[in-house]
Each structure stands twice: as structure tokens, then as C-alpha cells.
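Quick setup: one chain, the form predicted alone, written in C-alpha cells, and binding and motion questions come after.
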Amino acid sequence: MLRRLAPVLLIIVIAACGRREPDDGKVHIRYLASPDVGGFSKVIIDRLERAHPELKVDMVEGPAAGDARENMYSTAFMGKEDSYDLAYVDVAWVPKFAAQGWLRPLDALIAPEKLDAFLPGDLEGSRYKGKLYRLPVQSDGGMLYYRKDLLAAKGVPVPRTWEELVAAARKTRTPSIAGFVFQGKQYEGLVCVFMELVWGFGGDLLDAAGVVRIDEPPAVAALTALVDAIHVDGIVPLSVLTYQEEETRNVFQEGRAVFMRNWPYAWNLMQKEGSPVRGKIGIVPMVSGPGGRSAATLGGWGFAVSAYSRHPNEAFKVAEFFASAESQKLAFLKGGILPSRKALYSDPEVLTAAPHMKDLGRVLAGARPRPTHPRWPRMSDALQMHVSAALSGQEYPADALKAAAVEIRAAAAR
């Protein structure tokens, strides 16, 4: 255990103690990232350093777990250290980091017209209280996967609404093939699934004025639909209450489900040689309910400039290079990293390598971030607990969301 923790502890110690820059005449820009799978980050850094010989980029490869890296950034920033010039941040971290004063606003560093090239959801998730704090580099969003062969065999069209999804799942399921699977365990992934349905049914968690709306009829209808899918319609197995992303993917990839809600990463894994569903799957935006429109819960990553960096302008130059169309294309082709730039979803080279990117672009165009609130973790915990209780039959949907709303309002008022 100590051997496994040693690298993480060493990085935390380094972060807490600040850093000394080498006396090599270059400006060193340092950031913490996940392991560089595929090596694309090193290629981008090499290109950047050749284009800007005055810069040296020091990428610290941290643990794969995002929450561990979030804690490492927080440790450094709470000490007001200049350990990192850039922060590679998840969309859900932006409000917390910005509210603490750990990030520099970027609005004065980039022309507004340049931002038009990015997906709107990625930009929305990069702002806090109207200011831009992150330059989006990697996009992500939930979507509906389906078995093309199973729908065709029954003459069932691809569903666009929740009612159509339930009907299609009923017609195509069998004793060994579930109708629909999703991330139903009590964790952040369940909130992402639920918010897609809440938006799809015309509801919201917080409105633009910050008023809590999660206990109103559209959200109650969305949760009721999800509960009924398990306990009334029978299209969702009870075991879904233990599923995170990989459990969901494995069930679908093994051919044991007709429909699946998951993230884009699953596509490439399911198309590998030997996959039972290779060439048999399609993707569409998540279905909507009455009174709403399809929406995907936004994920994704981007670069923010530390408020404690001694080189903020140079740090932003590095962020811009990573966010460029050339760098994002390389990251996708070498590492499967989804771009945040709209044009790359119709780029001929990208579509040749991955024809499904055209459909994926439609999904991400409608992606929405979770509420940009500094106390989002507390709000999410409340929603996870009560939505999970409703799905397991311990609480009625209306009661569950009423209780969640009380806790969320208390968190928002602090």
C-alpha cells in the first residue's frame, strides 16, 4: 500500500513546498494531469516547445483518479503556492476553484470571437458568475447507445422520446437481454443520468436565478419514469442499482442489453476486435420527455490559469496551444480525446478515422453542465441519496425530491 501511495504523497509534498525553476533561461509552465495514455500530450508539448523556444512545459503525471488530482490541486492552492501555473480541471471543479479565488479570469486574454469555435456547453461550463475561467480542451457528454441489429429485427425505429424508448425496449427485450441499462449506483454518475431526464422532461435543478426547482412536477415526472422503468415497465434490471460506467458497458458489450446510457469513451472499446457488438451499435442524443428537449450532461476538461502563477500570460499561451484545432485533432487521433471545437466533428480526417463523430457532434451540441455552484458537491450528495432511495423503492419519487430539495436549499443558503 505504501509503495502504491508513495508517488502521490511525493507530488503532494512537492505541491505543498512550492518549486524552484531551473536556471536555463526558459519560462517553465507546470501542470498536473492524468497519465498520458497514448503519449499525445508529450507530442503536443514537443510541438509547442519547438514553436515557442522560450517556454518549457513541465507536465506532472498524477494518479488516474480525478478526485485524487482535485485534492492535489486544492492542497497546493490552499497554501497559495505557485506549484502549478496551469490547472487541468474537470468541468465540475470550475465553480469551486473559481469561488475560492484560485483561478485567474481569462476574458481579457482571449478575443470573444475566438470562443465561437467551441461547443456552447463547454464554454458554459467554463464560466462562473459570468467570467471565463477555463479554456475547454476535451469535451464529453452522456448519450444513448442502441443495438441496430436488434431494433431492425423487430422493425422498431430508433426512439427519440422516453415513451418511444420504453415501447422499443419492451418489444426487443428477452429473458436474457435487458431493455435499458444506465449508471444507477449512488454516486455522481447517477446524478448525470438523472439530470439528463430532468432536462428532457422540461425541468431543472437550479434556474438562472439560483432557485431550487428539483422538487417541481417535471423533475418528479422524470424520476417517476425512471422508477417505473425498473418496477413497473420491467425494462431495467434491478441490478442496475450497482452499475457505474464499466458495469454498464460490460453488460451492453456482452450483448445483454438493447439500450444503454453511457459516455463516448465506450464507443471505441465496443468496436475493438472480438467485441460481440462490434458494428452493431448506434448512438443518438438521450431521449426527451413531455415538455422538454434532449440534453446531455456535460463532462470534459480544460486548462485554467492559477491565480498564484508568476507567469500567467505564458501559462495562457500554453493553454491556447493545447486548445488549438491542430492539437485537439492530434489528441483525438492518438488518444481518443474528444475535441471541444465544433469544426472537428465535421473534419474529413477525423470522420475518416471515426465516422460516428458526426453523430457524436449532435449529442455534444446539446450538452449542459451541472449547476455551476461552489457547493455543488453537497447538492450532488443530497440528490444521489434520495434518487437512489427512490430507485430502490425506499422513497416515493415526489417525497424523495422534496427531501433532496430541502437539503439543496440549505446548501445553497450557506
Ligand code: GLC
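If you're wondering where the values come from, they're calculated on a predicted model, not measured in any experiment. For every residue, the number given is its place in the sequence shown, counted from 1.
There is also a form predicted in complex with ligand GLC; it is not shown, and the following applies to it.
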I'd like to know if Arg375 sits close to ligand GLC in the model of the complex, meaning any non-hydrogen atom pair within 4.5 angstroms.
no
Even though ligand GLC is not shown here, does Pro285 get within 4.5 Å of it in the model of the complex, heavy atoms only?
no
Can you tell me if Arg370 lies within 4.5 angstroms of ligand GLC in the model of the complex, counting non-hydrogen atoms only?
yes
Report yes if any heavy atom of Gly189 sits within 4.5 Å of a heavy atom of ligand GLC in the model of the complex; otherwise report no.
yes
Thinking of ligand GLC in the model of the complex, which stretch from 90-98, 224-232, 205-213, 251-259 has heavy atoms inside 4.5 Å of it?
90-98
Answer key, ligand GLC contact in the model of the complex at 4.5 Å (heavy atoms) among Asp82, Glu320, Glu314, Asp140: the residue is Asp140
Single option in Tyr128, Trp301, Tyr243, Tyr308 placed near ligand GLC in the model of the complex, where near means a heavy atom within 4.5 Å
Trp301
Residues in 53-68 with any heavy atom within 4.5 Å of ligand GLC in the model of the complex:
none
